[in-house]
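We begin with a single chain expressed as structure tokens, specifically the form predicted alone.
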């Protein structure tokens, strides 16, 4: 890797998340800039071991600018892709305008290329920052249609909590053997983001279907509505089986990932939100059909 730009009042560090002082410093930076608390990660097993952070620190030990990449293997249109995800790009307000963010993007991009990642994905509310580096914006879709008639299964689901050690162990075991929830685009292996999102998204319910050995992440915004966010299982159950197992009787279903494995007819519609999904990689790897990465995989 080429040498980082030197700033007389700052120290450049990499791969510092295992240092307690460094971990606290990145937590303080993200809380200041985004209002995000990464403290729950400590209870969920700590940071992703594939993470590659690069940062500048001041003389007081504050992390004043950071950018990180981590491994996020994906399946895209049926092909497994060795992808990286970018996150934690932040600069303290008083240090902006000095080129720190631009330099950290350059360094992180170089590290991803040296590591052999085929593609890079990110979420941002400022896509213009990344377009000069070859990132393309994709409009994500949700999928809505009439609920199928419930299957023959009985309502046997039990709720799970990431704060319960027994449930957390079951979630980790199931995540370790999951199959991608969609062949259009889905994560192949990214357990920590699922667990963190399960902790942070207060309106999401996690349920365990014993017969299907499946974890279902879902919401019910209204009595006649069902929203499916993710399925964690070695074999993806059909939508009618899921609804029956949860003991629900909705009339309308919305699925927040491509439902190509659910045996169900739907209509795609654009997702509204502040963040957009961007991807950098060869044209042949770019998703070709309406898609959304599960909200349980967002980072």
Ligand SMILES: CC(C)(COP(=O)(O)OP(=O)(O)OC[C@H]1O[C@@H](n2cnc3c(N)ncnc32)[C@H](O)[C@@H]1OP(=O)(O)O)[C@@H](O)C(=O)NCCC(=O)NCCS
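Residue numbers count along the first chain shown, from 1. Predicted, not measured: the structure shown is a model, and the values here were computed from it.
Same protein, other form: the form predicted in complex with the ligand, not shown, and the subject of what follows.
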query	finding
79, 139, 82, 126 - the one with a heavy atom within 4.5 Å of the ligand in the predicted bound form	126
The ligand: the contacting residue among 172, 225, 111, 98 in the predicted bound form [heavy atom, 4.5 Å]	98
Stretch in contact in the predicted bound form with the ligand, which is absent here, among 70 to 78, 112 to 120, 187 to 195, 126 to 134 (heavy atoms within 4.5 Å)	126 to 134
4.5 angstroms heavy atom contact with the ligand in the predicted bound form for residue 180	no
Any non-hydrogen atom of residue 157 within 4.5 angstroms of the ligand in the predicted bound form	no
Residue contact check: residue 204 to the ligand in the predicted bound form, 4.5 Å heavy atom	no
Proximity of residue 90 to the ligand in the predicted bound form, heavy atoms at 4.5 Å	yes
Interface residues of 8 to 36 toward the ligand, as seen in the predicted bound form [heavy atoms, 4.5 Å]	33, 34
